[in-house]
Structures are given as structure tokens and as C-alpha cells.
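In C-alpha cells, one chain follows: the form predicted alone.
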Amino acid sequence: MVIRLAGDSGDGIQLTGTEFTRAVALGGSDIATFPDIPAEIRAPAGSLAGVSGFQLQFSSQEIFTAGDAPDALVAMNPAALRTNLPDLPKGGLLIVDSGTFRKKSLAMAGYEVSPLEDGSLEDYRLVDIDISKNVQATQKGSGLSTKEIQRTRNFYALGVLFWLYGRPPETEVESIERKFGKRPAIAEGNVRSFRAGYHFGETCELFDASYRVPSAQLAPGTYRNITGNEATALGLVVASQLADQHLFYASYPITPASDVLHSLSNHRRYGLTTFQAEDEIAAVTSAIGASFGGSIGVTGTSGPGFALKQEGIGLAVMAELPLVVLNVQRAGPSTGLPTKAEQADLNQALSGRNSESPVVVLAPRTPADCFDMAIEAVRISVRHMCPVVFLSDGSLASGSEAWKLPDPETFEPIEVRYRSDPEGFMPYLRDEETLARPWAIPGTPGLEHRIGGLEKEDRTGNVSYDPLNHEHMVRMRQAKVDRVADYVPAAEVEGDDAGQLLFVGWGGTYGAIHQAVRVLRNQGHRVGHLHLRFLNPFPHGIAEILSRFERVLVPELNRGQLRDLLRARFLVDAHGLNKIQGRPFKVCEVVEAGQARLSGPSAREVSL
């Protein structure tokens, strides 16, 4: 089942979605969610720009996305209906709060006549409930103000959904009482509205059916629902524990990366430090300073802030210090669409700095994968003494899925080697395998050395203007990054090992591509899926995999950045499926593009 909740940004849509997600997760379903938050902090109430949405897919089978289109849409006002109705298939269930369909709100949404009265919704299974009126009656004698009463509308809608999808109400009552425990009157008001909504669904006989989704057959273990930002924060905490080193996280608040800072600040008992810097430059340079002092330095941001950090990242490249830079990508340029998803910062990560300034670039593929890749980013950074860019995106950051808690015994320690012996020390001596320079902590006797942005002489670290030394050091820094490929898993294909069509993806497109490949293979096509989690350097084996397929299609939420890299690096006739709408791919979009490529030798590009 796929459900979408939509309403004004003050209607508590994200809370309602989160509570329903928790309920179906407790019921054992596999889940995936996608919040769609308005860009403006507080757009005018009832405006199209202020619509907030939350989509959830839950299933008795394994799922990989939050769903293409909702089976049921809950619209809490006219603006929510107008912006979301095009995604509801004909025959879909449509629940609306008819109490909000007043003259002013209709006008703000662009309706001259109420769609509840003009017959325009006759193709849908419409259930209109005057929630606004019902909660007023429910809260009679509660002592709540009119404004406070209307704020319980979301829990009334949640009660209706609990009945509709067979969820036991007792667990939600307990959740409400815990959540609002410090405000008993508000807690009681929300419980009243929730119960009223549940019993309305039970007795009104307006619905033609109710639904039961069996538990999914998941591998045994303990599961929790987790967002990408939460998983990233937990991964950084675990990495610091595996390295037995202090973690310093510096960030300037920016959507959609801020939740990593918020989450990490709740884990200070693990000996980490979070620093809300005054700007992006202060954030990156303080993280570099922490690395110079022997801590694990991490800084986080989104696209515009990533641009501001580039000079600092270049300093870390020159100084050859470990640094992890999180970029939770969003739609741009400039401020762009700050709450919408895009993956158009790949070129910026690879080449956004001046001169030859190589860094390692990796990208998680699912919300839960952010945990594993955060650990990997720290591991690579300290082992190879270089900056690592971690490219998440808005859909991964705020989207969630069921995550099986890993067994801590399976984690490999992260080895951190500080230089302590002054005998024969030179700051730019190289490890024979990784080419990493020594990590020498300030104050260690006999290990005094220069550091900064000026070019360094090989081995001694003295400032050097010698042209041959400069070329040697440029090539050495690149070779050090290239050698990371020897330490990461080789490229692997899901689906068919060879055949008609290979999808190549990266980042948050994984779920849509993975599901599309399943569909195409069930149709009898020989299709594979190569999803790259390491983007610089590329893992070994890509060229050989590309050679085994007749056609290559690269779905990306940009104009074709990975496609162009594959063309240049491997001289392959890769084609792009490109979408730049601030929204993730739908499975059907990837399926249709794959069918188009399979149908003939056409070399046309596909755009949505």
C-alpha cells in the first residue's frame, strides 16, 4: 500500500506520517518513506507553496522505494488537493477535510468552484469528512483554545488511517501520551481526536473497504526505522568508536544536512564534539584543525555550503590531512529548491577546487547504507590521509526504511597510526602501499613540521617553488587517491551478468533502478544493474562489466554527469535518463526508459 498525506506546513503532516510509519513498522511491514517538505519556513497558510507531503509505502514483501503513486491520498486543505491530485490514479481513494474548503482557501489554491461540488472528483473514491467540525465537537469541554483544537486535526486523520489499515489504536495512544507528556492537556486533546477519527472510520460506513497488510518475511533480527541523516550520524559515531579516536563534527545549519548535526549532538556521551560554526568556511577549517590535532575531523553541508568549503578542502589536499566532508545534495543552483532532491554536485565534488586537487568521492545508495558509507568514509580518510567527500542527497537524508541493527562484532576496527618516533621522521615520507604521509600530532617531541597551503617539498615538507617538485607532488597526490581503488570492493552487477542492457546508477537512484530491473527481467529481458558507491576512484572491474552489455543507460537526477564520466573514461556509448524536477525517479519512469533503449538501436537521449 502507498499512502500520501498532504496539508499545510502547520498541519502536522510530517508528525502524522512518522507516527503512521512507526505503527506499520511495529506491525512487521517492510517500509520506505519520502517526506516532501516546503522550501519556505512558513509560507502563507493555505498557499500552494506551503503544502507539506509525506508518502509511505508498506508491504508484506521487500520494497525499495516509497512508491510511484499513492493508492490513497489524504488532503487536509484545497492547496494540498490541487498539488497532489495529479499523482493519484483514477479510482484511488481520496480523503479530504471538507471543513477547510472555504471561499478564501479555495481561492488561494486557484479554485473558482469547490471541486467537492463540481463533479471533477467523480473518477476517485472520494470520502469527504468535515474534520475541522468534528474535532471541535470532540474537544468540547477540553479547555483547549480554538487554535489548539484545530491543531489536533492531524491526529483525527491518523485515527481514520489506523482503522482503515487495521492498526491497533492502543499503541498510538501510548505514543501520544509519551510525546506530549509534559503537556497533559495537549496530550489528552490529541488522544481524543485520534480516538474520534478511529471510531468515525469504524462506524461511518463511508469506506468501501478496509485493508490488512501481512507482516513481511524479513530476516530475523532487531529492526528500526531510520532516515539517511540519522544513519549518517550513527555511522560517524561508530567510526569514532572503531578508531578509538575523538570525533569533531563542525557544521553550519543548512537544509537538508542540519539533522546530522542535530543527531550527533545527542550522542556526546560517546566522546565526540559538535560545533555549530558561524559560517561554512569556519566549519571546514575548524574540522581541518581538529584533524591536524589528531581527531577525526568531519564537516557537513549541502550544495551552496559545499561551494564555500572548496578552498578549505584544497588546503586539506595540500596538507594531506584526513577530512570527511558530507554534502547532502539539493536542487540548485544557488539557493535553488532547498528541500528538494537532486544529485548534481558530482562534478563539483570531483573538480570544484582550483588546480589539480583530487579527493576520494563516495555515495551511499539507500538511507540505511548511509551508516555503512559513513564508516567507510572515515576509514579511507585516516588510512590514506586525504579528504573524502560523502555525497548523500535530500531523498536519502529525509527518506527512511527498515534497518536491521548490525552485529557490532562484525565491524572491523579502523586502524589509526600516529607517528611518534622522531628517528628518520620527515612529514612527507610515504607509506609504500597507500602513499599516505605520517600523521604527526603537534607537540610530539621531534616531530615539528610545517603545514599550510603552499606547495611542499617531497619528503621534507619545506615550502618549495621548484617546478619539477610541484609536478611530482601533484602526481603523487593523485596516485594516492587512485590507490584507494585497491582497498574498496570491485564493481559487481545485480541481475544478469551480461546481456541487452546495463543500468549504471549512483546515490539515491538505487531503489528505483533496482525495482525497474526486476520488472524488466520478469518481462524476459537480459538486464543488469551496476550501482557505484565509489565514484573517485572508480572501483576495479567497471570496463569489463560495460563490455558485456549491448547498451548502457545511466539514470541521474542531473543532466548527465556520471554518464559523461563513463563516456570519457571508458569510451562507452552510454546514454542518459535525466530528471531535474526536485523529485526522485519513479520506478515506471526507469522501466519505460529501459524499454525504449531495448526496443532498438536508437541513440536518442531520454529526459523527463
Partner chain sequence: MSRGAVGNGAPVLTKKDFESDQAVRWCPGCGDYAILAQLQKVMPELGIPKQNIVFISGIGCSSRFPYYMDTFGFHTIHGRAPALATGLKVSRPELSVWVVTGDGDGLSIGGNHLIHALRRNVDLKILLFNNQTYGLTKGQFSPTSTTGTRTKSSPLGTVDRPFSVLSLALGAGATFVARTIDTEIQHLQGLIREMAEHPGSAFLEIYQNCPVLNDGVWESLKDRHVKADHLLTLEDGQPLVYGKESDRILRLDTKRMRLVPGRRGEQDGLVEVAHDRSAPDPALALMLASLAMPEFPAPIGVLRAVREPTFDSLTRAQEARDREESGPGSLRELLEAGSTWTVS
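Remember, it's a predicted structure, so these values are computed and weren't measured experimentally. Positions refer to the first chain, counted from 1.
Not on display, but discussed next: the form predicted in complex with its partner chain.
Proximity to its partner chain in the model of the complex, defined as a heavy atom within 4.5 Å, singles out one entry of I414, M473, I380, A402, which is A402. Among V237, L346, A491, I95, the residue placing a heavy atom within 4.5 Å of its partner chain in the model of the complex is V237. The stretch from 103-111, 290-298, 473-481, 135-143 that comes within 4.5 Å of its partner chain in the model of the complex, counting heavy atoms only, is 290-298. For the three residues S52, P115 and L337, a heavy atom within 4.5 Å of its partner chain turns up in the model of the complex in no case. Contact annotation for S286: at least one heavy atom lies within 4.5 Å of its partner chain in the model of the complex. Interface membership of F200, defined by any non-hydrogen atom within 4.5 Å of its partner chain in the model of the complex, is ruled out. Of the heavy atoms in G524, none are within 4.5 Å of its partner chain in the model of the complex.
The closest heavy atom approach of G528 to its partner chain in the model of the complex falls outside 4.5 Å.
Taking its partner chain as it sits in the model of the complex, the stretch 272-301 comes within 4.5 angstroms of it through a non-hydrogen atom at L272, T273, F275, Q276, A277, E278, D279, I281, A282, T285, S286, I288, G289, A290, F292, G293, S295.
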